[in-house]
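Take a look at this single chain, the form predicted on its own, given in structure tokens.
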């Protein structure tokens, strides 16, 4: 389970500043939400909303300026190593090593995570079948399609059998069939009792897959809840309108009541 409480992070502004402009850019501010085991939680927001910053903090790749978060009961600040051992993280644009084969990429990460060699090979074999990677598992990653890279990145994130899976825009660049296949895999992981948190700017994807949704805008959580509860609280009939109502209530006609923040 992931529990996020008031995370904030600002970055120093690059380049020459306009007079009166702040020295810092506030990436996220007081972000709070939960993601439960056995559920798929979607962090939905437009590009630049703060999704990747939030996930990178949860993956212990950067530190928040303030606030707290825990992964499976481990504080990501005080118990970063233990929290990291509970996480399988797939960053945006998987970032696999092009000169290694798919198998070597996954094996290398298993070694980093301390998975014993025999156990790692058994787990890799399971993932090859689960992710349908037999056709390219022993090919060099250089020249892989986006779908193949995504599968390798996902296998790498799952090789140490983490309780919590964090995915940053996992379907980016995938075709329709690859996206459908990945959705099935994510659902299977959640059905096996794992916590799955993923970010996306694609509403149809979040609507089709997620048990819980947190909408983020300008670094803040605008609203969280199940799909149905978000529609009810925003008094909308579809997620797209609910998203607009949550992030910009003034754009909704006057007969719509104020969105809870």
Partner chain sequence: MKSILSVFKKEVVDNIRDRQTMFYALLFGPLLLPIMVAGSLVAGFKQMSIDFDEITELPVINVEEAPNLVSFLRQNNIDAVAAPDNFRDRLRDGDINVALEISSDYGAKLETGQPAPLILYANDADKESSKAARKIASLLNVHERTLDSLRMQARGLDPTVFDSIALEQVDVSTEGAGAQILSSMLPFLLIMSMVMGGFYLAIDTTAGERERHSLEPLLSLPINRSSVVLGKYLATLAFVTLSGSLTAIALILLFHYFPSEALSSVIRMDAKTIGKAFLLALPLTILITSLLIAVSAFTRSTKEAQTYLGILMVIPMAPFFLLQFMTIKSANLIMAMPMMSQYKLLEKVAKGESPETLHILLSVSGTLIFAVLLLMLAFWLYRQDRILA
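These numbers were taken from a predicted model, which means no experiment stands behind them. Positions refer to the first chain, counted from 1.
As for the form predicted in complex with its partner chain, it is not shown, yet the points below apply to it.
Q: Residue 72 versus its partner chain, in the model of the complex: is there a non-hydrogen atom within 4.5 Å?
A: The answer is no: residue 72 has no heavy atom within 4.5 Å of its partner chain.
Q: Can any non-hydrogen atom of residue 84 be found within 4.5 angstroms of its partner chain in the model of the complex?
A: Yes - in the model of the complex, heavy atoms of residue 84 and its partner chain come within 4.5 Å of each other.
Q: Might residue 136 be said to contact its partner chain in the model of the complex, defining contact as any heavy atom within 4.5 Å?
A: No, residue 136 stays farther than 4.5 Å from its partner chain in the model of the complex.
Q: Quick one: does residue 180 come within 4.5 Å of its partner chain in the model of the complex, counting heavy atoms only?
A: Heavy-atom contact with its partner chain at 4.5 Å: absent for residue 180.
Q: Using a 4.5 Å heavy atom cut-off, which of 231-239, 60-68, 204-212, 37-45 contacts its partner chain in the model of the complex?
A: The contacting stretch here is 60-68.
Q: Exactly one of 120, 127, 94, 186 has a non-hydrogen atom within 4.5 Å of its partner chain in the model of the complex; which residue is it?
A: Of the candidates 120, 127, 94, 186, 94 is the one lying within 4.5 Å of its partner chain in the model of the complex.
Q: Going by heavy atoms, what in 138-165 lies within 4.5 angstroms of its partner chain in the model of the complex?
A: In sequence order, 140, 156 come within 4.5 Å of the partner.
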